[in-house]
Structures are given as structure tokens and as C-alpha cells.
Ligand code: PEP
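The chain below stands alone, shown as C-alpha cells; this is the form predicted alone.
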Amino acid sequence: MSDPFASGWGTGNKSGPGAAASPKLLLRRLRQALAAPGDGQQRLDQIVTLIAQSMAAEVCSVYLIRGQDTLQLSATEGLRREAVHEARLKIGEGLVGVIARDGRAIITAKAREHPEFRYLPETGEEQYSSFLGVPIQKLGRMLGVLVVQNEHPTSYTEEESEALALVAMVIAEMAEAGTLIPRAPNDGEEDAREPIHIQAQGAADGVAIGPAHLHEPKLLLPNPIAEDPVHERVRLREALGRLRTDIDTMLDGNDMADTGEHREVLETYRLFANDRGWVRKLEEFIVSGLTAEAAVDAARTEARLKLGTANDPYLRQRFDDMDDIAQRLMRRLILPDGDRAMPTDGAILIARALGPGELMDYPRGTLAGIVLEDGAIGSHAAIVARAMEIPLIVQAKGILRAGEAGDEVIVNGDQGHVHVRPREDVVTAYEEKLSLRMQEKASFAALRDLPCRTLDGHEIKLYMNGGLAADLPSLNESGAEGVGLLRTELHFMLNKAMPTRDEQANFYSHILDKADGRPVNFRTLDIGSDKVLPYMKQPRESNPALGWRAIRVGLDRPVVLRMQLQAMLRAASGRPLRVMFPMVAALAEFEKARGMLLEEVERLDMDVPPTELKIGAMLETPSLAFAQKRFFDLADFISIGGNDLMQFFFAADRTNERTAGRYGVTHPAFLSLIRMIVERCTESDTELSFCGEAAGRPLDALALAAMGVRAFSMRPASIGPVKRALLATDLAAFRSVAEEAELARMRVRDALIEHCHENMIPI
């Protein structure tokens, strides 16, 4: 950034260059204006007068955004005062509207000849030629436009533009703090912020209404203008020192000794925190007259203008890194000793991203819903949210700018909708929906203890997925017959270091205690792809979903796998044990993993071994469906991992919104694959179940059951709806509809939906 304070302001005025006051002096005057008594309008009037005097400009005006797309003249020095609160422009209309639309300054010596010029006769601005306008914005949120004008056609300099942008940033901070936005008298408009609807992606089903709670609260600057620049530089250096110490401590600790991506992120933070150019820029802003925290925010805003909209993913990543480190530094400046506040019960958590450990920090029952600006459907935070039955929305772009602490928020995890400050009729509609859900939940409770038997007499077993000790109460509440999938990696992810064998054994034993004799399928460590342990180095891969993950990691790191198998065997002392290996792609992999488990059984040194041992595998790759018969003979049970199997079968990334919805369980090709797997398991008398998101969707579960699947594992909340649908279905008739639709080259899903409607099957 060039220094706009080295030369005088006011080159486009009748007094001549250098006649105006310096920007530093202007900032001091602005601080005095803020401290003076008066309302927001009076402060804004003083500000435009001070800017006009300091820049020796004949006109200075502030236009503020009203509603969603209107700019209103809110204060002026030089234009007609009666036009204040009356003159309006649409965003994108005229020079002022273009600045608000594009977020960029406009400088011109001949404003009336500019192609975007729009004349507002009520303002009396026709005599002014020179024009300099800059956006008033706060981290991408457009608040208004600041303009100076002069009669003579003399261009303003880039230095003057940068200086005015700095003043606009200060105005934005004042506006964000709520001390500067005036209400237009008697204009009949509500100044409240408008309702906002965001279409995103649902990652955990459910509906919730509650007040917004920010995971990282927005940091407001009470006064961005410094009284003592020397003191502010000291504050900045002390805060940077604390930040560097924190990062070094995390990097040098044992928990981060061998970390992959997490360590690289912290290394990037360390580089930024020690970057001399960045620190020099912060000090330049302080010399300009800003407080330390305002200087950090100014540098952050400048970087957003340059990199925030870059198409290059590398530049975008660098901006995200800088943005995060700036947020951390501001927190140390504004709240050096402040702990994160806990929300009130029933809150909607808003965050950029969230790890499973961070989510578990919030007491159970506190959060009614979660909205993430980033995040992924398959993330472990999403898995934890589903286990805790908390509706979760991911990829809600703009939520951090839109949502303020305390705003009413509606989360619809079923359809991916987020409503911020919703209209009353929207709230009423969702309250009715919640009421119906409560009634529906009560009806599911009435089915809980009934056997799951279809109309044509087929017994179907319904299990629940889990991964946390907190999941186990859902066994009784949902009526599940056991745990069809225990995701052991969640226990690893919630620890800062690799759990010891004893720690693992205690956890697995606790799970078996809570299951109280019901079967539990312990899946061995399933990491890789999007599942990363912070203390285990993971290689960079161009296609991690097809890379080094799950059983491949276990076989290549046998010490880790053997320790886990030993812990499971010890935990099952005197009880049955069921172990399954994830992501098996070939018979040889299963034989090797199975052999390791049997070796540990032989080595087991304990008085009471497990009473029974069942060894199974997850069928998640098409190759395993075509494996030799020996695989099906060796496996005591097989669980179809529907999420990955569909992804690999259709070559469609399930986390990519452009491909995830193209194919479904009811696709004829996938149903044919399921029929073949059922037949092969029947031939070898091997237990078969289906685990995945599709298991919890009634229509998909009916289609799978019609193909011969007789056991399903799903999140606890899905058991009631799936059971209700199965109780009302004749599977033989359902299969006939699917087969007839396929022969007639009809869309199978449409035919099945029509059949359900005709036969009153609740889906």
C-alpha cells in the first residue's frame, strides 16, 4: 500500500494542492465527533462536513443501503439538504450504484460524461464534474458509498482514493457497531434488516427454530480511531507475540508431532504471524491513525478486495488462511482473556466450519441446529450431528455475513433451507411443521416394541449406527435391535493423541455394557479420504476417496490395527464380539485382516475370552460383489456400505452437488447389483445388512427389502419412519412393480412412489 499521507489532500479544490488538513488530523476530528453528544444523524452530518473540509472538497455525501437494493442519500455537505433521505438510487444505477454493486472505487474528472452517470435533479449536483466515490463495506458486506465532488474537472489521485477508502472503512466500523446508521425521519420505512433465505445442502435431517449463536462472535470495534499510535503499536506487538506463542505451542506439542494437513495449516499461520510485510502494513495503518484492531481489520478488508473473489484456488486458500489468522489476532486484541460464551438452550450455531471435537464441546441439548458456511455432507461433524439428531446445513454461503447473534433462524436439514430473520408467515408454517413432527414422533414410539414384519410376512431387522457413547441411549428410544455400525474412528478423532490400548478397551467395553446383550458391529479404524486424524500423517492424494484409506491403512500400519483388535478382544471378555473390516476390495485383503484377528485370539492372555467371535466385512466396492465364492464363505456377515458402493458404482462423487443427485438406489442397474449380492450371500448362508443414508429413507429401504435385504442399519431417528413403511408394505408386490417398470422402460422410482400412494404406504 502506498502512503497516502505523505502528500497533502485537496488537489482538486479551489484552494490548491496541499491546502487541506491531513487524513491523520481528520481521523482525530472524527474521533472527537464520535465522542460528542448527539444521535447517529448528527454524527453523520458532522462526518461529511469534516471530510469536505479536510479534502477541500465542495461536496461530500454518504449514501447508505436501505432494504436489499436501494441506496439513500443519508447525509451531505454541498448538495441540497432537503434531498437527504429523499434522493434514492438502485444498486447498479448511476456512479454511486455501480460502486455499491461492484465494491470498487470510481475516479473521474468528468462525471457527467461517464457512461454510468445518473443525474438526480433533487440534489443539485449538476454543476460538479470531479467525482471520487468509494464503497463503505465491512468484509464483503456492502453498507453504502462515500463520495466527494468538486466543480472543476480535475482528477483525484490514487493516494486520495486510498485515503478516502480508509475513512470509509472507519465509517463502516462505526456503522457495524450500530452508532452511525440514522433512521430517515417519517419515511415510513422499516430500517430493520431484511429476511434472508439461503439455499444450501442438508447434511443432517430435521427442522429447528432458534436464536443464532456465533461460534466465532463478530468482533465489533467500539472506536477504530487511535488516540495514541505509539500505544497501539505496543498493543499490536504484544498481541502478535501471544499469537505466535500459541501457534508455536500447538506446533511443538506432542499432539502435533506427526500431523499432516492440520500441521500444514498451523505452519501457514506461523508464516503469516511472522511475515514482515504483513506486520509492516498493519503498522502503516496504525501510523495513519487507526487502533491496532482496526488496522488488522483494514488489512483484512484490503486483502478481501484483492483476493476474496479470485478464481485461482491457491489465491483463495491464501486469503482464507490470512482471514483466519487476522480473526485470531483481532480476538487477542479485543478479547485477550475472553472465553467463548456458551449458547442458551435451543440455539442455532453458525460457523464457517466445525470439527467433531468442537461440536462435542457444546453440552448435549444446547444446540437445536447448526449452519456452516463451508463443511461437507460426509464430514465427521455431520456424522456427529446426525448421531446427536441435530439438523445440520453445510455450504450455506453468506451465512456469516447475514446472521447476527440473537437473530431468529430456521434450519431445514431435510431440504437444505436456511431462513435468517424469517417473515412471520414463514415462522408460522415451520412451527406447524414442528408440531406435526412431534405428533409423528409420538406415533413412532407406539411402534417401537412391535416386531418389524411386512404384510407378506418377512421379518426385517433394524439396527442403528453409532460412534459415540452418547449415541447409546438411542438404542432404547428408537427400538433398534442393536448397533449395525459402530464407527470406531470417531473415538480416535475426538482424542488429541492416539488412544492407548487400555483407553480403547475401556471405550469398547462401555459400548457393550450399554448395548446390554444386543449385537454391536465394531468397524475397525476407517480413516483416509475426508476422515483425517490430527496426529497421523496422511499423504497428499489427487483422489483420496480412491486412495490410501480404511483397510489399506490398517494392513500397511499393522501395529495400529493389531492394537485395536487386541482392545476389542479384551473389551468383549465373556461376551460375543462382532468385528468388521471397512473398504475391502479383494479376497486377499479380507483373508489377511481376518488372519491378523485370529492370530490375536491365539495370543490373547486373559482369563475370560469372548464367548463368540464373528468376523465380517463392509462391501463398499463393486469388485467385492464379484469376489470369489471363498470370500462369501469366509465372511460371517457382510454389511453393504451403501454410500461408498453407490459412489464407486456410478463413478459419481457423493459430496459433489452436481453428481450426488443424479443416481439413486432405485436405479435398475443398482437394484440388479443388490439382487446379485443377496443371492451370493444366500448361497453361502452369510448374514447381510445394508448400511448407509439410503437405509434411512423409507422408499429406498422398501426397494432394497424388495430385492431381498433383510437387515438395515441407519441413524436412530430414521428407524421409526422406515419401520412404519415396512409394516404397511407387501414386498412381493413392491418387487413386481419395480420389475414391471424396468421392463416397460419406465422410471422405477416414479412407479414405486405411485404404488405407495395408491396403497397408503407412508414414505
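We call the rigid core whatever largest set of C-alpha positions still superposes within 1.5 Å between the two forms. Since this is a predicted model, take the numbers as computed values, not measurements. So that there is no doubt, residue numbering starts at 1 and follows the sequence shown.
Absent from the display: the form predicted in complex with ligand PEP. The rest refers to it.
Listed stretches are 640 to 648, 224 to 232, 385 to 393, 161 to 169; the contact stretch with ligand PEP in the predicted bound form is 640 to 648, by a heavy atom cutoff of 4.5 Å. Contact annotation for residue 471: none of its heavy atoms lies within 4.5 Å of ligand PEP in the predicted bound form. Among residues of the shown chain, residue 293 is not one whose heavy atoms approach ligand PEP to within 4.5 Å in the predicted bound form. The closest heavy atom approach of residue 526 to ligand PEP in the predicted bound form falls within 4.5 Å. Heavy atoms of residue 578 never reach within 4.5 Å of ligand PEP in the predicted bound form, leaving it off the interface. Among the residues 485, 567, 111, 348, the one placing a heavy atom within 4.5 Å of ligand PEP in the predicted bound form is 485. Taking 328, 215, 300, 531 one by one, only a single residue has any non-hydrogen atom within 4.5 Å of ligand PEP in the predicted bound form, and it is 531. In the predicted bound form, ligand PEP lies within 4.5 angstroms of at least one heavy atom of each of the following residues of 584 to 622: 618, 620, in sequence order. With a cut-off of 2 Å and the rigid core superposed, residue 487 has a Cα displacement that falls short of the cut-off between the shown form and the other one.
In the core-superposed comparison between the shown form and the other one, residue 523 has its Cα shifted by less than 2 Å.
In the core-superposed comparison between the shown form and the other one, residue 578 has its Cα shifted by less than 2 Å.
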